[in-house]
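Next up is one chain by itself, shown in structure tokens, the form predicted alone.
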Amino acid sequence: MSPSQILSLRGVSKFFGGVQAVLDVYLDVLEGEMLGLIGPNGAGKSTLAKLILGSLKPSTGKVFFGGRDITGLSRRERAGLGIAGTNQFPRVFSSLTLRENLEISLKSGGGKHLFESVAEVAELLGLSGLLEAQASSLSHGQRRLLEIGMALVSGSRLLVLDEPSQGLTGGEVERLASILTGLSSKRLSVILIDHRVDFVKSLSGRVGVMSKGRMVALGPAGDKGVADVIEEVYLRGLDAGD
């Protein structure tokens, strides 16, 4: 594993009974990289995210983080090493305030903290005026941003975002893009999984394309070969390996 690689997947597959969800994925994520991951519904993106986060264990293959084999570690154990993530539907502590949600994550984090205070993260999220608001009173978009903030203050070295723009307004998507762009100075590695292809391509240095559980393309976001596979997978509904 190269010193510049923070995450490495080697031949990772996941089967549910006889159903192939992820098949033989090889993937390296570099330190400080924003890697986009796209593909049609059912392509295996969210399953792959869970395999990285530790919510699922691979049927075959290995997962390495910082050169360490973490294949058998739980999500909590991986979080202690600095792997954080969000879910397709925001998960926050509804009975607590926005500030309290951020403070809990700040105290529970196991990595090097990228932000000096909860107030700094709230400002980045555009939620400074809602620090004392109960999370249950927040809009869907605000809860989504709060969940991302909770991951940021946890001291993560790798952030896995699964459909972060889902349910957001146009303005909230712009805010999210601004937040993610600003993370480049923090040397935080990000895997960005989203159904908005242009959104992912505009923010990512490299893009991986999944189809039927396989990684069928991986390269620079502006690469013509990657663009051709995206068109084949999305517009023609074909498996790029056929």
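These numbers were taken from a predicted model, which means no experiment stands behind them. Position 1 is the first residue in the sequence shown; the rest follow in order.
Same protein, other form: the form predicted together with a small molecule, not shown, and the subject of what follows.
- Stretch 40-48 is the contacting one of 27-35, 175-183, 40-48, 65-73, since its residues have non-hydrogen atoms within 4.5 Å of the small molecule in the model of the complex.
- Contact with the small molecule in the model of the complex, defined as a heavy atom within 4.5 Å, holds for exactly one of 21, 229, 218, 9, namely 21.
- Contact check for residue 196: every heavy atom lies farther than 4.5 Å from the small molecule in the model of the complex.
- Residue 147 falls outside the set of residues with a heavy atom inside 4.5 Å of the small molecule in the model of the complex.
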